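Next up is one chain by itself, shown in structure tokens, the form predicted on its own.
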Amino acid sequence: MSKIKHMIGKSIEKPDARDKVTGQALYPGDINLPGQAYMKVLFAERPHAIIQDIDISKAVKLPGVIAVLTAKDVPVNEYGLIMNDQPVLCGPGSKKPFAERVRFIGDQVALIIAESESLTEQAKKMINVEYQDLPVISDAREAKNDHGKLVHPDRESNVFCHYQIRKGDLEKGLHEADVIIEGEYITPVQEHAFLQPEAGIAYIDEEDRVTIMVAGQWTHEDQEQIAHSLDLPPDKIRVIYPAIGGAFGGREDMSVQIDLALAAWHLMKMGIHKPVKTIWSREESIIGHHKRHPYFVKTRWGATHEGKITAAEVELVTDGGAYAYTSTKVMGNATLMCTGPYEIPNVKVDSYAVYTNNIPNGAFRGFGGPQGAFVAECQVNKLAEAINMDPVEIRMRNLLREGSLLSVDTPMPKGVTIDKVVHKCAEKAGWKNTDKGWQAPAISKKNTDIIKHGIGFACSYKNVGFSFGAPESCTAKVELHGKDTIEHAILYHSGADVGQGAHTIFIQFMAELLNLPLEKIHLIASDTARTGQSGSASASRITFMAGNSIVGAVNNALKKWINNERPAIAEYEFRPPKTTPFDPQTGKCQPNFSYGYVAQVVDLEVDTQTGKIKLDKVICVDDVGKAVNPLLVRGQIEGATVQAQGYALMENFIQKEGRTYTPTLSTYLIPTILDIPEQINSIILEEADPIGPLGARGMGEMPFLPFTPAVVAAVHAATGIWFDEFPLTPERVISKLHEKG
């Protein structure tokens, strides 16, 4: 076989690109099956109440209505990714304690199954629910300390998770500091706003499996939670992912999966074999799935005049909303990253995840990292100003390096390159490394009476893979077909492609390792009946974990090929180095097995008459280990930057007393093509990760983390004002400018 051109490091076209842009690709909402029924959810639409009675008698008598399901129809009425604290359907009649309570506006009360969508809507209006309203708990800080008002009455407190880190001697470190900066920060809720709302179709397949075609991020986890709720063996549940229209963490937790499975299973028990389809509206999507966690932070950091950070104390309170979702894991990341990529000898951190009657909060790109980075980078920039030191210089004096001890008192995994990305980013932005240290460039644009210019710097790091002892593995299966030479290969892999191009990467690994052209690789993906456990398409892990599993499976298959097995079929389960949980007293642990590193510079202008911020240029430097597909990497950098722009400047999700006042994309504004930065300079470093597949690191979340603090630093440079809360909407900016006078 002649040597083909290397496929790793090449910007090949995504195999599904043409189908997606021409409309040929089928997303869950596009799939229709003969004789299908339709399903609608009755949401509680109230933040806290006891359901005393549900009267479905009128709805079920409506011609064309097949069934109306309530809590009593759910075999095991509970689910949850981390803990089973949420009812599938709220109301009386199930065995789960306190399942008759609704705890947020998106709690689900009933499922209506009918012959048409219009009938489901009509029947939904005929259901009468008798509620007894309860006091609403909407402020996480109050909920943390108020044990009289409980969101979950079977718990003693609204605090459902507490972590602490104790490294060194905080008071000694503060005493050694020449400058101490205290801060209070608030980070906002953010809506995922993926293009494809929650949708799917369920049916009973030819092997009597309850089969759900839906968009998600982890087929086997969906399968486990559905099986638990229906009290069925997992192998009686089949989950298939068609094309997925974005996720960003928003599809890690359940939305329509259990509902669809319950509906198809219930109809089968009634002797009715009909597929069941549902599509949520945008408003239903916004109230029905989780958001990015808001954080309330108090902190103080100390540093010497020489720029050495001596101590950091941080208290974080996060609003988990009505149910836990992934709050404990998100908070783990925030707890680690709130002291930044810096070696600080004396650290004290306390973090608390708290139940409220707000929409639950969970996974979102960065997974606690953006909140932690905002605190850490703002504090470092303020320290730099206080000691009259350049913000890059103070970073270079404190950055983690090989062998450095994290706040949890264990060394970084090998392959630390935060100093290299900071150096490259500063250099590209015009900083000079002089004999007096790093010096920032002069602002190239002239200020006017109205328009003020500023430049800001921030950096961060992001874990690759599951953290803090969570089980971590990924399986691939490979088939090699041919006679004397390998003529084609099949890869079976569950890893989800949520639009980021994961399946393209899988095929590139196969082509590279087998020396085959792309058209000779066939991928069977994301089907629990045909593919093994892969773990989630989250935590910047899918390239790293899937790549390693594919490398292992190909190597095993090639050994069989050499031994004349035809076809040569092999599996491989990749398991990375183990991580460990926080020690309850000290926080000491080995939190992660790999990291990616990022630095950003934001150049912007502030209109002091309107408060509007215009982004002129963003420089983003990411060490990705090895860019398997450079174009996809640049796409991730640009996409993350624009999504972070929305978080920093525009996306103002409003909840009051548990109710949402921004339930549409006309009231909750996200960036459009007219809002994005004039220029995004994506710079890719390739310092191989020691245990990454062909050196690759995960990178999809990294560019998000330092963006907001870089913006805040640039706005401060332009106006002299520090913003400790965002988004920096024109209203917020102009208000602060007026305060300053």
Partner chain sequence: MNTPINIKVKVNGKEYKRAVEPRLLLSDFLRHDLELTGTHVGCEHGMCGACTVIMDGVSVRSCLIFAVQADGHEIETADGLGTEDALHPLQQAFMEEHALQCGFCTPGFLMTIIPFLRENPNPTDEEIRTAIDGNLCRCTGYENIVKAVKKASVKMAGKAK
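Residue numbers count along the first chain shown, from 1. Keep in mind that this is a model prediction, so the values were computed, not measured.
A second form of this protein, the form predicted in complex with the partner chain, is not displayed here; the remarks below concern that form.
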- Indicate whether the candidate residues 44, 83 and 352 are all in contact with the partner chain in the predicted complex, with contact defined as any heavy atom within 4.5 Å. no
Note: exactly one of 144, 167, 101, 192 sits with a heavy atom within 4.5 Å of the partner chain in the predicted complex, namely 192
Checked 128, 555, 281, 444 for heavy atoms within 4.5 Å of the partner chain in the predicted complex; positive is 281
Here the chain appears without its partner; judged in the predicted complex, the stretch of 254-262, 633-641, 559-567, 376-384 with heavy atoms within 4.5 Å of the partner chain is 633-641
- Do residue 451 and the partner chain come within 4.5 Å of each other in the predicted complex, heavy atoms counted? no
Indicate whether residue 55 is a 4.5 Å heavy atom neighbour of the partner chain in the predicted complex.
no
### Message
Even though the partner isn't displayed, in the predicted complex is residue 60 close enough to the partner chain, meaning a heavy atom within 4.5 Å?
### Response
no
Going by a heavy atom distance of 4.5 Å, is residue 670 a contact of the partner chain in the predicted complex?
yes
Of the residues spanning 246-268, the ones with some heavy atom within 4.5 Å of the partner chain in the predicted complex are 246, 248
